[in-house]
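This document opens with one chain alone, in structure tokens, the form predicted on its own.
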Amino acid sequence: MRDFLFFVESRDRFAVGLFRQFRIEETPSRVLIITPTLEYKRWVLEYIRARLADYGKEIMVKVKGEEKPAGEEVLREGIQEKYQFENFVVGSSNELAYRVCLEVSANPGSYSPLFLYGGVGLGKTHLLHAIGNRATTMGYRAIYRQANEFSEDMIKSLKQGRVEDFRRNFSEVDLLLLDDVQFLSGKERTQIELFRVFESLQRKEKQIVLVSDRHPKEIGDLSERLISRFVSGIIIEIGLDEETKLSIVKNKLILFGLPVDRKYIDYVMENTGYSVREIEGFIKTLKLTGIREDKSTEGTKKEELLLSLVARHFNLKPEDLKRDTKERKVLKAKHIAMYFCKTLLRMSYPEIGRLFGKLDHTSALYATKKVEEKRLGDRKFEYLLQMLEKNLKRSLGLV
């Protein structure tokens, strides 16, 4: 399969992004491409005739569902075929998670439990399904559930007097893939049943992969024994750096048939945060509306634009940064905005204070020093600032 994608990339480096959306199986003599719809199949067939006729292997194209291997439904439960390792965009911020998941899919039990965590829309669920898809093609049985679905299944089995069937269903798999683990918070009976399943799978040296939006120790109302099990394996945080975001933007522009030129790339980069879901939703809308020239921002001062960009990164409104609050998320964004007003725009402390509605400059001075100190001692925070700084410089025309 890597040979086929490498060949496509050598002919058309942008088209390879679209091909990664498909399931591709390659043997020494044949390539099988499985597309989600008939329209995609027609496009692939036409592209092959025009650009890839000399690949040297038989290339077959099928629509999902045209051909299912015998017993496939027994091996997989809840797994979505569209999520594959081949269409996951890999970058420096998620490469470790990608490689470990790849190993887990081929050798279930090698890293169990595996706990992935990070913000919304960073590809955690994609990796869960990719593990399941790869593992089941190798004959392993995998089951995917969101934590809420796991809880609902448990409650239903209790009401029907079939709790033993419930336990057996989740304990007799090679891979248990559990998503949105943070929603186990406060569900005491669900936690008890998950603990039993967890212990059963671990005794059999099976694979457990858990996904959450936060570290297991930061999930409230979770039993200590579950936390201890979650942290007993490998814990990996997934992020999204500027370079990977750029690759995702190009990939999605190709997928939705939009030009992959500087105008479109910059427009998407500047108007989206660090969430794959947000990027995809924005591009879907962009296909319908086209690029909108925002006349309202003409003549906008750079400091106001900076506030808007920082606020957007933290999913806040610009006015949130100017209000008095002790909310940690808002304070963090406000301090970072003040810091960049000083370091990028060279504003004086009194000017920064007035911008944020303060009567004196001491708050701006305090915020700037606090960010500088944290930047020196916190590598994760330093990484965040580097990404933000690069994005701000480009958007503000400082590069």
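This is a predicted model, so every value here is computed, not measured. Start at 1 with the first residue shown and count on from there.
The same protein also exists as the form predicted in complex with adenosine-5'-diphosphate; that form is not shown, yet it is the one meant from here on.
Exercise. Quick one: is F183 in contact with adenosine-5'-diphosphate in the predicted complex, heavy atoms, 4.5 Å cut-off?
Worked result: Result no; F183 lies far from adenosine-5'-diphosphate in the predicted complex.
Exercise. Might R277 be said to contact adenosine-5'-diphosphate in the predicted complex, defining contact as any heavy atom within 4.5 Å?
Worked result: Yes, R277 lies within 4.5 Å of adenosine-5'-diphosphate in the predicted complex.
Exercise. Does V89 reach adenosine-5'-diphosphate in the predicted complex, with heavy atoms at most 4.5 Å apart?
Worked result: Close contact exists here: in the predicted complex, V89 approaches adenosine-5'-diphosphate to within 4.5 Å, heavy atoms only.
Problem set entry | Interface membership of A135, adenosine-5'-diphosphate in the predicted complex, 4.5 Å heavy atom rule | No - in the predicted complex, heavy atoms of A135 and adenosine-5'-diphosphate never come within 4.5 Å of each other.
Exercise. Which of these residues, I248, L307, L114, L201, gets a heavy atom within 4.5 Å of adenosine-5'-diphosphate in the predicted complex?
Worked result: It is I248.
For this session: State the residue from A97, L176, L122, L253 whose non-hydrogen atoms include one within 4.5 Å of adenosine-5'-diphosphate in the predicted complex.
Result: Result of the distance check: L122.
Exercise. Quick one: which of 148-156, 193-201, 124-132, 106-114 gets within 4.5 Å of adenosine-5'-diphosphate in the predicted complex, going by heavy atoms?
Worked result: Stretch with heavy atoms near the partner: 124-132.
Exercise. Shorter or longer C-alpha distance for Q21 and Q146 in the predicted complex, given it differs from this form by 3 Å or more?
Worked result: Note: Cα gap between Q21 and Q146 widens in the predicted complex.
Exercise. Closer or farther apart in the predicted complex, the C-alpha atoms of Y383 and A97, for a change of 3 Å or more?
Worked result: The answer is farther, because the C-alphas of Y383 and A97 separate from each other in the predicted complex by 3 Å or more.
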